[in-house]
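We begin with a single chain expressed as structure tokens, specifically the form predicted on its own.
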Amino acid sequence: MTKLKLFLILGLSLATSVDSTAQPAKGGKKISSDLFGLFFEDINYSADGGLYAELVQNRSFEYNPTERREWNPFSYWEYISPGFSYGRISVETSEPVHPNNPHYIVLDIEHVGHETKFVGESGVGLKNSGFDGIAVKAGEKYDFSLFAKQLSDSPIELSISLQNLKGLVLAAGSVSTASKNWQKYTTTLTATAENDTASLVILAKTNGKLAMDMISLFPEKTFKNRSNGLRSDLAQLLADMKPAFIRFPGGCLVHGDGLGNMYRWENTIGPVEQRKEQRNIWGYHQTGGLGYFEYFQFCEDIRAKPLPVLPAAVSCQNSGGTWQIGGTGQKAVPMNEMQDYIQEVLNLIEWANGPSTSVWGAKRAAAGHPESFKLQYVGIGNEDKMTPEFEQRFKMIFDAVKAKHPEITVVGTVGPSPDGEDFAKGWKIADDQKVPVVDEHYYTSPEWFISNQKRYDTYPRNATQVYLGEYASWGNKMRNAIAEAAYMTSLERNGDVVRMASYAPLLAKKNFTQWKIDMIFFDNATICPTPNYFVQKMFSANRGDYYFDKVITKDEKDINQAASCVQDSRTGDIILKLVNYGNSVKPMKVNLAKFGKIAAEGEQSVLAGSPDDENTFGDTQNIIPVHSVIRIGKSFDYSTPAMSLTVIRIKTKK
């Protein structure tokens, strides 16, 4: 077992239990307790084929050429008729399960052949290859379901199995139709062997005709065992970070490729067979199976605040591929439709927080959550071009939310860059309208992060705060992660101005990436956290809500050294973060005199390596934090390793 696998299994974290009687030391500056969180966007097959645990691809036959030229409703399905069986299949739309899910398969079984030891199982049906294969584990159970209706008089028996590439059955079950109306049928498959490239096989065993839709397969063990749930290992990796919040569902996914492709939250709640699927702006398909209810539920499961982001009633300025010619393809919702759109925003707040007796609160309760989700933040807009159309519509939405729900904190946007025309215009809009928080984004070099550690030192206090919603240093090597760590100490130092921050993008599926600098890479069976992930985890799982200056002394002329000291007022714990971006050991001095009685030992976690070190798939993922116990005094010297982040957590005594 590699060190990484052991680390992930144990779920090691420096966070400690809460002591509600603890008090912060005197002289600290109050900073945001929501500082470090997660940003999730369905890019790089992060949702369908990734975090969303569905194993069947194109489960409702809605793929089409507008997503990819080669795609159609039969994509990732294969018609099969073993044992000299024969029949026909067609895609139809006349009587769907639901209007939002218009396509379905009709299977006409004309003859089922005879089974022999040479032919194997006979029948007429379909085979699905999943998302680059279906990964199954021996002894694990998988929940199969489909919607079907008989188009002939007699019941039709369906054999359901998981098979390897050679046709060997790994798990088997069956269902039998019983109605000429759409009805859901289920069975559980138990795998007898492990395989990373299995397929789902559905064979009709009796002659007749039936319609099928929403053919689904989930591992029984999803995260928290939720139905329609999340892939457990990926979700647990995120939960281990103990994020303060999760921003979703994007990203550019939010405002979409044209008005018709904007992400409309109302289309993603309710029974999955009634949700509206659509093209993903990143070039594939999104089922909406991972919808707003699942996002909010995941936030609640890991005790993170939800931060949904809604379009500001304009589409992405790069719609229609206009980034290739400098834009702008931004389109605006017509003014005569704006009141309906504003109501859609207000409906979200009622759905999340309203009583179960309200119109939208009742929809939440019907999904199994009568209690409020305790929504605090709502984002409006994402990296938008600051046009007059945007400004007018943003103001209308902002004013409506502020009037109806003053308890909600609206997060605005100031474009895709750390400076420039849109950045300046966005900040002017925020200042003029007194937007409480705005979303800054920037992707740049490690050297930029090292050279700009004082960026927020000069931002005005008691004004609009910053959510650094997307940032990364263009790489997944140690130098990238440690440069980001140095910058994150400045975010803590300025935690009275910077309310939240989240690295982006979060997830990327191996061989299916549109963006190369992601935090966690994965395939169907394994996960590969980057050094950037461990830096983010070391900060996020060790947040404080008070910042203390002049606790750590270092060479102030050396920009490769960075440090911060925070305290968690809930536990009383002191948390030191020491960063060395240099190529040699650097000394720092720590003075804890202001904190009163402290423990004689602290928990230490060190992430260190060479500048070009990185984690890759396989057994070479050795860039992980090393945990140990360190002796602590009121004052002590500390030698920071080259290219490293050190976190030391120290308990205080009552």
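Numbering starts at 1 and follows the sequence shown. All of these numbers come straight from a predicted model, not from anything done at the bench.
The form predicted together with a small molecule exists for this protein as well; it is not shown, and the discussion that follows is about that form.
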*According to a 4.5 angstroms non-hydrogen atom cut-off, is residue 311 in contact with the small molecule in the predicted bound form?*
no
*asked:* Taking the small molecule as it sits in the predicted bound form, is residue 189 near enough to touch it, meaning that at least one heavy atom pair lies within 4.5 angstroms?
replied: no
*Would you check, heavy atoms only and a 4.5 Å threshold, whether residue 527 touches the small molecule in the predicted bound form?*
no
*Hey, in the predicted bound form, is residue 382 touching the small molecule, heavy atoms inside 4.5 Å?*
yes
*Quick one: find which of 372-380, 436-444, 229-237, 456-464 has residues within 4.5 Å of the small molecule in the predicted bound form by heavy atom distance.*
436-444
_the small molecule in the predicted bound form: contacted by all of 36, 488 and 495, heavy atom 4.5 Å_ = no
_252, 146, 551, 109 - the one with a heavy atom within 4.5 Å of the small molecule in the predicted bound form_ = 252
*One residue of 298, 282, 142, 521 in contact with the small molecule, assessed in the predicted bound form (non-hydrogen atom, 4.5 angstroms)*: 282
